[in-house]
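Next up: a single chain in structure tokens, the form predicted alone.
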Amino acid sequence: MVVERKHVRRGLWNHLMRCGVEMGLASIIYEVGVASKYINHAMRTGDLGLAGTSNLYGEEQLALDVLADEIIKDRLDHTGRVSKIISEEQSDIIIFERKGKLRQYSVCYDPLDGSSLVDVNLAVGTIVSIYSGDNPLQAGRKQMGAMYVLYGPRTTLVYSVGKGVYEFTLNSLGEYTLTRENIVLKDHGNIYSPGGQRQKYLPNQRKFVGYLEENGYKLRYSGGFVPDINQILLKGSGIFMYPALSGSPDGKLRLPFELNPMAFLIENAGGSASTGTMPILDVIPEHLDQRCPIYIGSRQEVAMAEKFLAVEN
């Protein structure tokens, strides 16, 4: 007699162990998940006003930004496996003094990307990039893992350590359970998410967007980097772009905290991420505030963007 086993939804830690993820790396991913539960609660019950401080870019910090930063920093310290971190909310690299011979990692993170959208109840997220050793400013190609948490109608966690892309959903018991595995992007899509003011687009960028519109691509743009990337990843196709602009040749989004981790996830799902001239993951970061234009999503659309941008005016 054959007994059919019921499908059991796998928890995050159990999944990491079954996949053979190195203990230190697994601990970092798991602890970011723990931190996200506190952040999730704080967004629903906490102070949404200004903190009275500024980050390294001179931007006024929300109380929620500061709280999210402290929560993640404390959970990373708790792992005992992180020697250095850089946060979008901190002006300097933070060093944790470690003793012993345990393998150490460096982490770059944006604790609450799009936090200005919280007070109008739109989705926001946490973005994390993980490197081996004590240098957090490495080319994205050297990442050991990357992840984001999306705080929306559902709270979801997406991660990769280079062996597939997985989505977990926070359930009513406060546990992350596996909901999608081995997420794969199609080579071609039909949605586009264009950041930046169109009047500041350079001529070839205007031509590319015009081409997309003429060929029936649907505009889907929330104003939040995490939800827009999540949409492309889970819908299975499309392209997000924040191009070079007139007066802002490097675009808006930051390489260490935002672009590298998302490029790592998208490439591991079979997609592509480019500055318009080279792969995002091959850019060597020179400082914390480094920015790049970004074209990210399905391979064909990213390649198409590069062709438009390469044409001389």
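Not measured: the values here are computed from a predicted model. Start at 1 with the first residue shown and count on from there.
Beyond what is shown, the protein has a form predicted together with a small molecule; the following relates to that form.
Of the residues given (190, 179, 90, 116), 116 alone sits with a heavy atom within 4.5 Å of the small molecule in the predicted complex. When the small molecule is considered in the predicted complex, only one residue from 148, 151, 208, 240 comes within 4.5 Å through any heavy atom, namely 240. Though the partner is left out of this view, residue 66 does not reach within 4.5 Å of the small molecule in the predicted complex, counting heavy atoms only.
Contact annotation: residue 253 falls within 4.5 Å of the small molecule in the predicted complex, judged by heavy atom distances. Taking the partner from elsewhere, residue 236 is found to have every heavy atom lying beyond 4.5 Å of the small molecule in the predicted complex.
When contacts are judged by a 4.5 Å heavy atom cut-off, residue 96 does not count as touching the small molecule in the predicted complex.
The chain is drawn here without the small molecule; in the predicted complex, the stretch among 179-187, 209-217, 106-114, 155-163 whose residues come within 4.5 Å of it by any heavy atom is 106-114.
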